[in-house]
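So here's one chain in two forms, each on its own in C-alpha cells, numbered structure 1 and structure 2.
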Structure 1
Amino acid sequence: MTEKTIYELSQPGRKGFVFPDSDVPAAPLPKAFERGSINLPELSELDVIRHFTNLSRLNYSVDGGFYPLGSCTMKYNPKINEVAVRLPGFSQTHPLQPITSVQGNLYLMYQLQEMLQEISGFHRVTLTPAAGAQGELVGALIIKKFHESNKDTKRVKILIPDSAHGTNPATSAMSGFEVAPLPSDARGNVDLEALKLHCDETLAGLMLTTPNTLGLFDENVIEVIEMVHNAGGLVYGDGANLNALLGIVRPGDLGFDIMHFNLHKTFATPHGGGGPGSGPVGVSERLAKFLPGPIATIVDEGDDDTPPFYGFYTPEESIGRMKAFYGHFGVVVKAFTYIAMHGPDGLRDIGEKAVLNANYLMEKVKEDYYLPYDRTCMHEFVVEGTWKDIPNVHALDISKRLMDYGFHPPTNYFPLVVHEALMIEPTETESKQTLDAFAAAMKAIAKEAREDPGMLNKAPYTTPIRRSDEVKAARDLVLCCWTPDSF
C-alpha cells in the first residue's frame, strides 16, 4: 500500500488556494534578488486533503491502538487539550504583544510553573526548554555554571549509569563534560562501590533517571544522592519516567538538584509523530539563579479589587536563552489543562494505575519471556526478546510480529544492559482487557517462535509495507522527492 508523493500528484496549472488580489499599488521587486519560478506542487484542496488523509491511515497511533513503547509514556491524549490550545486567545497571541494584552497567557504559565514545582518538590521551574533533550542541556549547563561560579574548575566529570538514555551522555558532551559510565548492580540499582570510586574532586554531577530505564526504583536512591552531594557534585534527574511517581514521591524531596519534565509524556500532551515536545526544568533553591528565562512571575500582587499583574524575568546569572520567545506555549496550555483536571487525587491515581498496569502485564508476560530483573517494577519493565534454545528469533522479530496482532511494538534494543531488550510501558489509560489481549499476543508469538521461527523473521505481513531495506536507504541516499527540476 503506497501513496504517491505530492510531486507525483501535481498537475500543471492546478490551484488549491487563492488569496485576494492586491489592493495596493505595485512596488517593483529588486531585480538583483528576484527569484524565478519556485517548484512547488500544484494540487487542488481535495488532492491535498485526500493525500494527507491517506498518509494518516498508514500510521499507527494511540487513538488507534495500544502503544506500549517503553519510556515514551504513550498514554491517551485528552481531546479537551486540543480544544483549549485552539482558543483564539491562546493560538492568536503574538509573543511580543504588550504584556498588558497577554495577562491570561502569563497567568497560565505562572500557574503551570507553580503546579510543576508542587508536583516535583523543586523550588523553581522554567518552561522554556523545547523538549526533553533541551531540558537536559539546561540541566548540564546549570551544573557547569554552578561549579564555575564556585571557582571549582576541576569538576569535569559527569557520571551516567549504563542503563541511561543516549541523550544523557550526548548532552554531557555538548556541555563540555567528560562522561564516565556507571555500572548497575544485580538488582538494577546504581552500583554503590563503583560510585564510590568516582566520588572525588573532579566529579561535576550524576545524571540519574528515576525510575531507571529498567522500570525500577533505585533502592538506594537517597544514599546515591548523598554520596554525590558529599563529594561536591550535583544530581540531575532525568524526568522521562516521572509518570510512575506522580502523587507517589517528589524527586525534589529525594534530594535531586535538577530535573526536566516531559510534558509530552507525563502530562499527556501528544507526541505529534516526533514533536513538538516540551521539557520544563525544575531546580532546587541554590540553583534558581542559573535558570534560563523568560520565566513568568508576579510583578504586582494586586489587592482585593485588582488581580495580580504578571510579567517575565530572567535570573541574573542565567545560563542564557535556549530558544526564541518563551518555550512551547501551545504544549504548556495542554499540560495545564491536564493537571487542572486531575488535582492531587487524580495525579496519584495516574501514578498508581500506571504502576499497577505495568506490574500486572509483567506478571503475564514473564510466563513466556525472561525477566532479568525480577522484582516489583514501576511504570515499565524490560524482558529479553530471545530464547537461548531458539537462536534465530530476536527482539526485532517479536516486535515486528506484534504489528500483525494489531499492537505497536515495545521499545526494542534499549536499555543496552539487557540482552535483546523489549521495554514495555502500558501507561495508566489502558484497560485490563487491552493488557490481557496484548499478553495473549505475546504468548502466541512465543509459541510461534518455537513452532515456526522462520515465519517470525519475515514478519510483519499485514502492515502497509513489509520490512524495509535500511542498508539501501543509508548507502543510496534519497532524501527528497524526484521533481522535474532535479534533472
Structure 2
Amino acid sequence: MTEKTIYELSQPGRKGFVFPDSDVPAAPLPKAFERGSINLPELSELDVIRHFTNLSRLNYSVDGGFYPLGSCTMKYNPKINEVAVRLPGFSQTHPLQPITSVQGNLYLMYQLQEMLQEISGFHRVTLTPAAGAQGELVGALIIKKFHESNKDTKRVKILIPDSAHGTNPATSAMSGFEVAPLPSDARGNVDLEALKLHCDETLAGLMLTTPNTLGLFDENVIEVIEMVHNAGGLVYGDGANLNALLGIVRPGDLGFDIMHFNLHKTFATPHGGGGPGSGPVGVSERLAKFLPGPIATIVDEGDDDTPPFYGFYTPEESIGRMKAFYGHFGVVVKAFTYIAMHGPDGLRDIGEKAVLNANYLMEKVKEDYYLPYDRTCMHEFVVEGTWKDIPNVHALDISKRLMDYGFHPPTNYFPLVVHEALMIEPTETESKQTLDAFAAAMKAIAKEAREDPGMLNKAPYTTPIRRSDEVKAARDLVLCCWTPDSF
C-alpha cells in the first residue's frame, strides 16, 4: 500500500500545536504580507509523527541492512563519529571566526592532513575539495598547471583505462584534455602494449584506479607508472577504492603523483542522499606548490610553556581556491575520529578484512554466476548478471529480485567491460552471517531464473512501489507529485 500524503491524512479541526496567548499587544500585519487561504493540512502532532516515522521505515539504510554497492564502500558508520562532530567546539563554530578562537579545529585539520600523508605516502595534503569528483578535478588541474609551468604545451592527452571510474573521463574533458581510452588485458590489468602506443610527447598523464572497478589490483602497476613517467607524464590515482589498501600499500610509495581520498567512503562518514562528501588530495613533493588552499599549518612551533599556534597558508603557485572556506569540516571531524579510533593496526585490519570478505563472498557467488576475471580480488568483485541459456534474465532483474529478499541491490551495469555487470562490495563491517545470507539469496535467485524467469522480470513484489520505468523516470522528472490544491 502506498503511503498517504500529509494532505490525504488531513482532517478538519485537528491541530498539532496551539500557540500560547501573546504577552505583548497585537499589531496589525502589513497588508503586503497578508495572504489568503494557504490550504495547510490539519493534523495532530501524533498524525505527523506517525506519518514521517512510517515514511522513514520505507528508506533503506546501512543501519538497517546490507549495502553491497560496488565501488561505493557503504560501510557502517560508527556512532562515535556522530558524537564527536556534535561537540560544541566543532558544531557551533563559524568559518569567519578569528583563528585564535578555533585553534582546536585547526589542530584537528592539521593532524588529519598528517595522518592522510602517512597513510598514503604523499608529501602534502589539502582538505578543501568537497567530494571525490572535485578531488579529481583538482588533480587534473594540477597536471595541467605542472605542464604549463614547464612550458610543455604539447601535452594535451589523458589516458583512462576502461576499468576506471566514470568520473575520470568527464574530469579530464572538463579540464581541457583530450581523453584516450586504454583497454584491459585478459587478467583485468592495463594493457601494456596499448599503453606503449600512447607514451609520446602529447601524454599529459594517466588516471589510474587501483584496485580498479573490477576489484583487481593491477599486477603491472609499477611498470605502468614508470612507462608514463618515462614519457614525461604524471599519474593520478583515483583513491575511491583505498579501503582495500589501508596499512598494506601506500600509493605514494608506488610512484603515484596525485591521489584523492574519499573520506566519506574509506573513513566511514555517511554519504547517502548526495552528500556531503569530502575529497582531500595528496601530492608528491614536486607538485605541492600547486595545491589549492587554504591548508592548515603550524604558524608558530611554540615552546615548553606555549602550545603551537595554527593558521592557514596557500601554496605559491596554487591552482586557486576550490571551495568556500575550508571544505566540509564536519566530514573532516568524523574521518579524524575514525582514524584516531582505529590507529595503524586497526586500519590495516580494515583493509585485510575488506579483502577477506570480498573473496569469501566471491567464492560463494561464483558457483552460480559467471566470474569473468577469476583471480583473487581486493575489496569488490564483478560477476555477470545473466546466463547464456537464460537470455531473458538480466542484471536488473536479479537486482530487483534481491529487494524481495531484503537486500539493497549491488551496482548494476558497471564497469562497462563486463556484460550485464553486478559489482559487489561487502566492506569489512559485514559479518559472515550477513555474507552467507546474501550469498543464499543470490543462489536462490539463480535457481528461480532457471525455473521461472518470467517471475524475475516482474520483481520486486514486496516493496512499496513495484518496478518503475527507470528510463522514463530519468527523462521525465516529476519532482512534486502533489500540490495543496490537489486535495
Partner chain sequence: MYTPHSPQEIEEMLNVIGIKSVEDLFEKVPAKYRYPDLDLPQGLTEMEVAAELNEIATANASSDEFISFLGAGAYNHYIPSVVDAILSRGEFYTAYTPYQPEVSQGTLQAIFEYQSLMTELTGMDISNASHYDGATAAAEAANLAYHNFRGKRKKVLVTRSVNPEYRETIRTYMYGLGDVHVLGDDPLNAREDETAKLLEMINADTAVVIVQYPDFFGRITDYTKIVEKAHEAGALVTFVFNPTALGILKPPGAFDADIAVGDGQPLGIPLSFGGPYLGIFTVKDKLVRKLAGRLVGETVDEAGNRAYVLTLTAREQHIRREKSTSNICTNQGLMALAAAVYLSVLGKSGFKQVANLCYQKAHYAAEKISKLPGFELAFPETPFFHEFVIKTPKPVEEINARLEDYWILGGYDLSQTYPEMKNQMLVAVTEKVSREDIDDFVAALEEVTND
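Note that the structure is predicted; figures quoted are calculated from it, not measured. Each form is matched to the other, and the largest set of C-alpha atoms that superpose within 1.5 Å is called the rigid core. All residue numbers here follow the sequence of structure 1, with the first residue given the number 1.
- One of the two isolated chains is the form predicted alone, namely structure 2.
- Relative to the superposed core, residue 461 undergoes a C-alpha shift smaller than 2 Å between the two structures.
- With the core held fixed, residue 34 shows a CA shift of 2 Å or greater between the two structures.
- Superposed on the rigid core, the forms differ at residue 470: its CA is offset by 3.2 Å between the two structures.
- Lined up on the core, residue 24 has its CA atom moved by 13.5 Å between the two structures.
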